Structure formats: C-alpha cells, structure tokens
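One chain is shown next in structure tokens, namely the form predicted on its own.
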Amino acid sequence: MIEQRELPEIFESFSDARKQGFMAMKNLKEQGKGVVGTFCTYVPVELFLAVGLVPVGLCSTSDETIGEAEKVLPRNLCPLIKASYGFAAADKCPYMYFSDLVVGETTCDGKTKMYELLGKIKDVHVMDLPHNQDRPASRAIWMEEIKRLKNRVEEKFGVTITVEKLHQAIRERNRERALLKKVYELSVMSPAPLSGLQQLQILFGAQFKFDHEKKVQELEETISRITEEYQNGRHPIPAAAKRIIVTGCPIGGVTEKFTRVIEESGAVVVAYENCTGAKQFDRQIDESADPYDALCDYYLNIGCSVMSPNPNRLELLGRLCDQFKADGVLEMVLQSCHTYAIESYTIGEFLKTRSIPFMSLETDYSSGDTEQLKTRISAFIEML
C-alpha cells in the first residue's frame, strides 16, 4: 500500500481549493465579476479570461444529486451527465448558482440532449464540436463556433474581446499549463516523489483557484518544495511500487476511488492521460499565431474518444508510457460512456504492440463497486 504521509501545507491548499473556492467565488461576484461555468476541456476559456471573466468547472463529480436528476433523465445515462444536470436542478452547486453563463459542447449525445434541459434552468450556450480533426470542414466549423462564442460573450457581458487581450490570456494560460505539466512530470523520477492521489489533488484543485498570479506562485512553490524534499532524501513512494498510467474518463471527486484502490494495492499512479491530467496540459497554444487560429488548432486537436478517428490519444498515451516508464495502464470508463467503452479495444490493441499490460474497468459514482475494483486491480498489479 502506498503510504499517504502527511502533506506539506501547500498540498492542503490545493486539496481544499474546491471547498474554499465557494467563498472566493462569492467574493468575486460581490466585486461584480462575471462567471462562466464549463464542463469540458474543449471550451476555450481564454475568451473569458481576456475580458476578466472567471471560468469555473461545474459540479459533476459527486452522486449527491443523481437521484434528483433521474426524475428527468434516464437512469442508464452516464453519471457525469446526470450529476451535471442534478446539481443545477437541485440548486446545490455554488459554482452553478454563481454562473452567469454556462458553456456546453456537443461532445456526446447525452450531454447534447441534457443541455436542452439545462437551458430551462440556466443561460446556456452550446458549442457544436466537430467529431473529426482532419477534414478542413471540421476546422472551419470549429473556428466558426469559437467566434460565435466570442460574440455571445461580448453580447452577454457588454465587453469587447480584442486581439491584444486574447494574446495576453493565451500567454497566462500557457504559463499555468506549463507549471501543471511540471507538477505531473515530477513523477518521471523513480521512485515517484508524490502519490497519484497527491498529484490529482493539485491538478484538480488548481482549477478552483481564481487568483491567477497567486495560483502560479503556489504552483512554483509546490514544485520547488517537492523537488527539494526529494533531493534531501524524502522518498515517500517505495522504489518497488509498480508505475501505472491512468487513462479514460476524467477523474475527480467521487472517482478518486479508482486511484485510491490502485495505490492501496501497492502501485503508484505516475500520470493521468485524461482530461484531469496530461490531455489538458501537455501542449501549449501557439503564442506567435493569430489567436483565433491558435485556439482553434489547440482545442480541436484534444485527443478525446469523441473524435473519430482519434490518433492524438494514442500518440499522447504512447509518449507518456515511454516517458514515465509505465509498468501498466489502467483505464477508467464511466458507466454508459459509449465512446470510451468502444475505444477500449483500440487502446488495448495499441498497448499490446508495446507489450504494456492494460485493463479497462467500468465504474459509476457510487461506492458500491469498490470491493470489485479492489479485486480486479490488485490481481492486475500482482500480475505485473
């Protein structure tokens, strides 16, 4: 079992960020700041940052309101979609409550139809995401969608998004992405200097820190502290711990159970090839290009399973396996997430060519399958 030793105080800052962010968000609203809620990494948040709006990820990582959602939505729907709608319907998510505008995207059919219902509760803008990255028509559609969002933001908030402001927002987000990439790349070291749960706390918690300069400073301090302690001999992860890369659906909140089970089984998660981790922070937006071209190319090329074909996910996963010297890859697929479930076969075949053990597991937002996950994952790790 990976020992979750006492964390440096700065780790707690990220761990507690989502909870503390509620009050920070309230204060920002009292200062007159506009807030834009989002669900997905395809949304170009630089458009909001360019005019001082506050983007925030909305509550969709708990089963707390799924019962409320199932009064309207079918039970056999992805828990992430049900939770996203349930928090709005039950009015239990402060971030949803404070959002002046919610920006969704047509990543999957379930989300697309859910946004129709969400639009009866909140002001919702939906981006029409092409599901192919190669065709010129896909790029043209996505460019049009980015400019349609720009116009909607300008109209809604009475602001003007200038090219100069957008360049500045891109530079700021690139700086943050680079630091978050440095955080997870610390685990290239062997043994890893932090557990997968600790890494997740930073990557997930950072999105709920709304003071950009303070967040950047805290990330720099965190990287410096971890590096310094490691160089001084603090090696909290046993050298024998098998090194696991997690892929699949995003992890956070209740689905942290997946990482917890892996590390309670004696392995360590060294990287996340999903929207919580490398998929979001691996690349930089081109600062030298026209900002709209740069946003279009960056966001359209995210390697999500909704894309067909989806070579960018394989490229990133393969590169992470090499970089982190992975002993195995575990995939978490949320119940009824058809695109990730179907793509599991392709991922398995890809990893087979590299002789890297792989297992895909389906789960939901309940704790009812924890023992089953323990049995399957511990057997997988023993086999490595």
Partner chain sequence: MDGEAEYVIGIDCGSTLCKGVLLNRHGVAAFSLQPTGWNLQESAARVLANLRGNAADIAPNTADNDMVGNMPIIATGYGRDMATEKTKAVTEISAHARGAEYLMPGVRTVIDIGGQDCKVIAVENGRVLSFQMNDKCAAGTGRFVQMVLERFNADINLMDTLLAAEKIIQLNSTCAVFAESEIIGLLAKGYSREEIVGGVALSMAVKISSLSARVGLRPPVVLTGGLAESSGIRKALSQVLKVEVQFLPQGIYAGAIGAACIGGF
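Here the structure is a predicted model, which means the values were calculated and not measured. Residue numbers count along the first chain shown, from 1.
Just so you know, the form predicted together with its partner chain exists too; it's not on screen, but the next bit is about it.
Looking at residue 376, you'd find a heavy atom of it within 4.5 angstroms of its partner chain in the predicted bound form.
Its partner chain is not shown here, and in the predicted bound form it never comes within 4.5 Å of any heavy atom of residue 20.
Its partner chain in the predicted bound form is not approached by residue 367, whose heavy atoms all lie more than 4.5 angstroms from it. Residue 359 belongs to the set of residues with a heavy atom inside 4.5 Å of its partner chain in the predicted bound form.
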